[in-house]
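In structure tokens, the next block holds one chain alone, the form predicted on its own.
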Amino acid sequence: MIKVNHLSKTLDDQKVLTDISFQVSEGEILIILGPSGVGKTVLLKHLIGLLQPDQGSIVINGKDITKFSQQQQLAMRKDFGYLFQEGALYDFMNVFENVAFPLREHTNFNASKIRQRVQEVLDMVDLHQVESKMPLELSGGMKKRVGLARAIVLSAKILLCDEPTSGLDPIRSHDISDLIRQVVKKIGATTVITSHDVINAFRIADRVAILHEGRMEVMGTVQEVSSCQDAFVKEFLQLSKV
């Protein structure tokens, strides 16, 4: 479903991504690991068309999105869900309105249909009786769940998650990781997650990749990555599991 070919990007005279190539199959969960500042979020922004590469292509469902017009990109993004690192909820909207926002913007659903769909996705992320709460009343874990509900409310075919366990304690990190896997397998979304959370990544990923200095050091199953003998990969995995 997603095929990235020889992607390179320079920002502010700094090479951020260098010759990145990988594929993500339909329904697969790929987790891209790496320290802060190695280009993980920049890569996600390329996948959704918010950034254009200096070189390379991004083929989604057989179409190179780097050649899309602005109108085509906007249409394409309706098939995407994006879970932001901090949830990125609108602080002036309650939970219901936050989750309903994409439906009001991109569908012709009536009020009853919108309420039904919002309730469906809130149930899916195990949130109950929180519709009237404001973001400031939510815990960090609850904000992530609301963000996930909003990301899938349009029945996303592709889900992008930027550091979904960032800022959470180990128990909440474990729970949100399990929830993401449960939800995406239920809806069949092809999923790309960026993270530095090796322990949870190894638990839920179908495949794992590790970025270092803008390059893809290794990519494969958890077993394949764990047995990689590259010096940086071994050090990163060892330190990240401490």
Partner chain sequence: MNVVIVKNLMARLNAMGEAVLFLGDVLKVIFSGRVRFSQVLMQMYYQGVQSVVIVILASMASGVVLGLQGSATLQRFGAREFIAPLVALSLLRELGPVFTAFIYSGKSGAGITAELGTMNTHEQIQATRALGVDPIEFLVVPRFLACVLVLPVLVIIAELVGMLGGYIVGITQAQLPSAIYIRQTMQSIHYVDFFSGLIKSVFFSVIVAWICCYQGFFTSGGALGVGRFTTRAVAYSYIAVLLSNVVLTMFILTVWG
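Numbering follows the first chain given and starts at 1. Bear in mind that the values here come from a model prediction, so they are computed numbers and not experimental data.
The discussion below concerns the form predicted together with the partner chain, not included here.
Residues placing heavy atoms within 4.5 Å of the partner chain in the predicted bound form fall in a single listed stretch, namely 71-79, out of 71-79, 126-134, 112-120, 164-172.
None of the heavy atoms of A201 is located within 4.5 Å of the partner chain in the predicted bound form.
For I58, no non-hydrogen atom is located within 4.5 Å of the partner chain in the predicted bound form, even though that partner is not displayed. Proximity of F84 to the partner chain in the predicted bound form falls within the 4.5 Å heavy atom cutoff. Taking the partner from elsewhere, R215 is found to have every heavy atom lying beyond 4.5 Å of the partner chain in the predicted bound form.
With the partner removed from view, the residue among L159, A149, L89, M142 that has a non-hydrogen atom within 4.5 Å of the partner chain in the predicted bound form turns out to be L89. Scanning 89-126 for heavy atoms within 4.5 Å of the partner chain in the predicted bound form gives L89, Y90, D91, F92, M93, F101, P102, E105, H106 in sequence order.
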